[in-house]
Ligand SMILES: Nc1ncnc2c1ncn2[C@@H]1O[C@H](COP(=O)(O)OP(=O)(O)O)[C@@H](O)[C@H]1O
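Just the one chain here, laid out as structure tokens, in the form predicted on its own.
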């Protein structure tokens, strides 16, 4: 079953050439999918098309088997939440608490439960001390944490992360991924689409889609994609550090089994 499906979708900005042409793309329901591609490959355009911020010139888009059109737009947006690369575009409330409450109010969450939910998810991203702060006074990384917390608190059926951790340092990225993985374990039916050029994020995926020039190049699991150096190089991508380490060790005569698990790799040495 598909959470998001593009059928022969075309899109171009204004009078420019098409940047997405006859795109067929399927994001499977209940899976953690990573859409990988270099800058300019069309990744963010796909995110905006999927939630109706942009309208395709040709073709059809389905979200949870519902045709994306003006009539169904509100129904679809009730199922999908997105975190953009620039969190400034998402803030509405005067404080962090108000901003997180706004999303919960739209989901008709019981007001008696809101404070507990807000504090729970703010704590998950280490922003509980900033609930009464104005979003404009936060750093870029803090804003991104708040945006992610607000979206996760709504527990959407479909979560889209559009370069959502780009402003975070490596420790912050790891913390956020742990939160997302924990949420996914608790809600196995939840669909996560992470759109990124950071290939290390693909280590957590159930499925990886490689995008180049608005077209799907290949779909596969992490082992199929991340060890294919020829595929990655052709699409201006590099293998994750763990894969490069394994290959270097094997070339040096230290034989290790193919693995995407750092702990497992260390055990083999």
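Computed from a predicted structure; not experimentally measured. Numbering follows the first chain given and starts at 1.
If you look for the form predicted in complex with this ligand, you will not find it shown, but the lines that follow are about it.
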Selected contact from 43, 218, 215, 28, since only one has a non-hydrogen atom within 4.5 angstroms of this ligand in the model of the complex:
43
With a 4.5 Å heavy atom cut-off to this ligand in the model of the complex, the contacting stretch among 44-52, 60-68, 218-226, 201-209 is 44-52
So, in the model of the complex, is residue 14 in contact with this ligand at a 4.5 angstroms heavy atom limit?
yes
I'd like to know if residue 19 sits close to this ligand in the model of the complex, meaning any non-hydrogen atom pair within 4.5 angstroms.
yes
Report yes if any heavy atom of residue 38 sits within 4.5 Å of a heavy atom of this ligand in the model of the complex; otherwise report no.
yes
